[in-house]
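Presented as structure tokens, the chain that follows is alone, the form predicted alone.
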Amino acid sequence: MKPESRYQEYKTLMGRIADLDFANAVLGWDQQVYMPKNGSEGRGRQMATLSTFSHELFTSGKLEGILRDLAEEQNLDDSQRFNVQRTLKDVLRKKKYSEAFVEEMALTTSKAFGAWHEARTKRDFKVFEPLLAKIVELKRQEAEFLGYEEHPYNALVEDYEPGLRVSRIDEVFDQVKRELFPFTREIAARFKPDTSFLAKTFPKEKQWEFSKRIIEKMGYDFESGRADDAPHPFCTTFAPGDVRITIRSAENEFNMMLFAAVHEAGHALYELGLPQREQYGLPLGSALSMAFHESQSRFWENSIGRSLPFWKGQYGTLQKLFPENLAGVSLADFYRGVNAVEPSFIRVEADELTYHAHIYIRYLIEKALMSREIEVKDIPSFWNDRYQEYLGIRPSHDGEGCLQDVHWSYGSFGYFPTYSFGSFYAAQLHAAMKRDLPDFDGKVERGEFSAILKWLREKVHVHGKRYSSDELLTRVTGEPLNGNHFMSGMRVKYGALG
């Protein structure tokens, strides 16, 4: 068979696998957005079936045979060769999973989402504990049959940030503890802006009017997506041209909806910028990693959405929408208010500085669970003690403690460190962007985000998985990850604020 025919056979099979995965994503989105409580059992079975079919196709001898033939082919171009080599690597990894394991994990996690949601509503970890214990045991098994060096957690991180290891995570967090945590305590002690105006009543419809305006300015197209409410904000892709976001809101917490919308739209813009149509289901049409995904959302949320140039341009519009709340609040006071640094319990609403303590605590728990230093029953006390240690606050109930994140109900262990790494990547990309784009702050102030999005499209999105994170950072910024970009940016920003 001619190599072009063999490669087309590979593309067709990968497209079918993508079809199954995206169909499963539709079911998962509906599960969180619209599905009634009593649909959970049937939905779990449906999602498990699709996961099993996808796994069977991906690990079939047919796909592996095609890939091995293509790996020996000399007439592939660079992009084709990359897709083949990367897919073969992933197939060999996934072949370590049995079909029974894939089905059991899918069934368990589908049930676990409902249990997590009920536990969170009731503020009672024990409602979630039995299913979480089963998930943790499955993840421990997964680490063992995948294999690892040094620490079982390394096997799980590979799914979210390939090549990242516990030793590197610990090294980065050591710098965070040494430099960021003391700086955060210093700023929190002396920077105490008035935030009372953010807790006034902001009708949801008007909040959404403003949030929608902002994310459309960013480039999010509602002909290629939609926004809905969910217990935990997320972004999900169903197909090229169909990338959806979810948000949550409270009428007496202004920051909640806007920054969730900007954050999730940042994820969506990355997905919509990938070459998914021509590389459907292939590595070059897929996001590089979860940390790079997070760099896109954190860039828009923090580097743009919490910046002074942004609010210089947008605050007047916001005041007109909420005159009773904001007419007497100056731009300077508003800017200080949305950037207040204060220890809090909810990760997704945390400020730029304390945010990383939230991530570090979750990382410590996941790592300790995988090495069996703690068990699931120990999570609430471990969590509460670390919040006391690193943030000086103690949750009064499980709802504001260990039940606030949905990730563990999905079986997503190894994910949390990517949030901090994404923030550090974002700061480094931001510094490079300001170097490359003349009048960067002026563009932000005028709401002219097209040049910024174009830079991200050309520098980051278009490459898919072609490079590792450090390779792409080096290509775009001139160096691999350097956490000093984040720290220097925070020192400049909060030095001016406080």
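What we label the rigid core is the largest C-alpha set whose atoms superpose within 1.5 Å from one form to the other. Every value quoted in this text rests on a predicted model; they were computed, and no experiment measured them. Numbers for residues come from their place in the sequence shown, where the first is 1.
Below, we turn to the form predicted together with another copy of the chain, even though it does not appear here.
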query	finding
Residue stretch of 440 to 448, 26 to 34, 65 to 73, 466 to 474 approaching another copy of the chain in the model of the complex, non-hydrogen atom distance within 4.5 Å	26 to 34
E349, heavy atom within 4.5 angstroms of another copy of the chain in the model of the complex	no
Another copy of the chain contact at F145 in the model of the complex, heavy atom, 4.5 Å	no
Proximity of L20 to another copy of the chain in the model of the complex, heavy atoms at 4.5 Å	yes
Contact test in the model of the complex: F181 vs another copy of the chain, heavy atoms, 4.5 Å	no
4.5 Å heavy atom contact with another copy of the chain in the model of the complex for all of R165, T354 and G401	no
Of P275, P395, G241, P231, the one that lies within 4.5 Å of another copy of the chain in the model of the complex (heavy atoms)	G241
Listed residue (L57, V462, A432, L453) with a non-hydrogen atom within 4.5 angstroms of another copy of the chain in the model of the complex	L57
Heavy atom contacts to another copy of the chain in the model of the complex at 4.5 Å, residues of 198 to 224 in sequence order	D221, F222, E223, S224
E103 C-alpha moves between the shown form and the other one by 2 Å or more, core aligned	yes
